[in-house]
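So this first bit is one chain, no partners, the form predicted alone, shown in structure tokens.
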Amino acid sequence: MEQTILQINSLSKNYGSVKALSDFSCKIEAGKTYGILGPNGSGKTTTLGIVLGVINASEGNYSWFGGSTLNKNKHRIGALLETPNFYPYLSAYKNLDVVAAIKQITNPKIDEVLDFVGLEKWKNAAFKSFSLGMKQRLAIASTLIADPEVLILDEPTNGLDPEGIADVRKLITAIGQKGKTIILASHLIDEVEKVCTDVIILKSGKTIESGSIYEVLKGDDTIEIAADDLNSLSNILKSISIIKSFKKVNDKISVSLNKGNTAAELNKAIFEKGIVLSHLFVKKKKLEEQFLELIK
């Protein structure tokens, strides 16, 4: 039986006449990695701020772990809304020791956490000597120091170079494989596709789509076809029921099928009407294309 980690009911947040979040609802289940995806200004950070008690909602409510309040469950949640202010002259180890003291964690497993985020070799190096990617890994380590059940990350790869981005993504995947529930806000489709199991798409404070990432973002394939007599082919396509739409593009025809139908079925239907195709190519729609269509 799935455990509900976070239940959000009709959250709204107004800043004067600006509606940053509008009637937002969702359910976060244990052990999954959720991506809250949307353009800048879509309400992602506002949502995370509300459920972490940093921002007050204008309307709606939320509950953690089957109905409990945030205050009773803060120790079960690790959050990174912005890069923490580490002491530049202290080592990675000493900085995490300070974090553990602030969070009142007894016997923190600092070495274990540093090893997990790939910083064990640099545990005695000063924070000021770290690259941006290493600083972000230490920031994530600071959220893991209390061994939380849930990890909340807001734009975790923002500002990193390609190597730093790859490192942080691997780290998030490894955290998910340990059974942690992760809620990640991002405006990058590639980031969400690579690390998340589920996605919630926001635009202008409203939910556009939500569900399994591949169900939401897979899109419909386009089938490119051609025949010796393109006009005759166009005419018979009008009578084939499995076709949703088609259009002529140069010397070929681009066809979209109704959900559940295949290119093989299209080829058979055209052949049964007396035309042999000289060209058939299935063009897979990229997740990025589907995302941009959803938020238009």
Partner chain sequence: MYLLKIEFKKLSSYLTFWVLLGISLLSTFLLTYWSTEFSFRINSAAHLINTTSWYQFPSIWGNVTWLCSYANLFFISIIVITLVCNEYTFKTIRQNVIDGLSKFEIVLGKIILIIGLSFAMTLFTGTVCLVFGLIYSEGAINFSGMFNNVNYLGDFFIQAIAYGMVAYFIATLFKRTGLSIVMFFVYKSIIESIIDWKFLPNNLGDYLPMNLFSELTPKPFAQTAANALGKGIFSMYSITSPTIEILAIVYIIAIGAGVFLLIKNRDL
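Note that the rigid core is defined as the largest set of C-alphas that superpose within 1.5 Å between two forms. Everything quoted here is computed from the prediction, not taken from an experiment. Residue numbers count along the first chain shown, from 1.
Although it is not shown, the form predicted in complex with the partner chain is what the next lines describe.
- Task: Could you tell me if all three of 195, 210 and 213 have a heavy atom no more than 4.5 Å from the partner chain in the predicted complex?
- Result: No: no residue has a heavy atom within 4.5 Å of the partner.
- At the 4.5 Å heavy atom threshold, is residue 135 in contact with the partner chain in the predicted complex? So residue 135 does not count as contacting the partner chain.
- Item | Proximity of residue 241 to the partner chain in the predicted complex, heavy atoms at 4.5 Å | Flag for residue 241 set to no.
- Heavy atoms within 4.5 Å of the partner chain in the predicted complex: does residue 109 have any? Outside the cut-off, so no.
- Query: Is residue 97 close enough to touch the partner chain in the predicted complex, meaning at least one heavy atom pair within 4.5 Å?
  - Reply: Close contact exists here: in the predicted complex, residue 97 approaches the partner chain to within 4.5 Å, heavy atoms only.
- Query: When the partner chain is placed as it is in the predicted complex, which of 114 to 122, 186 to 194, 68 to 76, 160 to 168 ends up with heavy atoms within 4.5 Å of it?
  - Reply: In the other structure, the partner sits against 68 to 76.
- Query: Among 26, 257, 230, 52, which has any heavy atom within 4.5 Å of the partner chain in the predicted complex?
  - Reply: The residue in contact is 52.
- Task: Note that the partner chain is not shown here; using its position in the predicted complex, name the residues of 75 to 95 with a heavy atom within 4.5 Å of it, in sequence order.
- Result: Counting only heavy atoms within 4.5 Å of the partner chain in the predicted complex, the contacting residues of 75 to 95 are 75, 79, 81, 82, 83, 85, 86, 87, 88, 89, 90, 94.
- Message: When the rigid core is used for the superposition, does residue 90 move between the shown form and the other one (threshold: C-alpha shift of 2 Å or more)?
- Response: Yes, the C-alpha position differs by at least 2 Å between the shown form and the other one.
- Message: Rigid core aligned, does the Cα position of residue 102 differ by 2 Å or more between the shown form and the other one?
- Response: Yes; residue 102 is a residue whose C-alpha shifts (by 2 Å or more) between the shown form and the other one when the cores are overlaid.
- Query: C-alpha of residue 138: shift of 2 angstroms or more between the shown form and the other one, rigid core aligned?
  - Reply: Yes, the C-alpha moves 2 Å or more.
- So the Cα-Cα distance between residue 128 and residue 167 shifts by 3 Å or more in the predicted complex; is it shorter or longer than what we see here? Compared with the form shown here, the C-alpha atoms of residue 128 and residue 167 sit farther apart in the predicted complex, by 3 Å or more.
- Regarding residue 174 and residue 125, go with closer or farther for their CA spacing in the predicted complex versus this form, the difference being 3 Å or more. The answer is farther, because the C-alphas of residue 174 and residue 125 separate from each other in the predicted complex by 3 Å or more.
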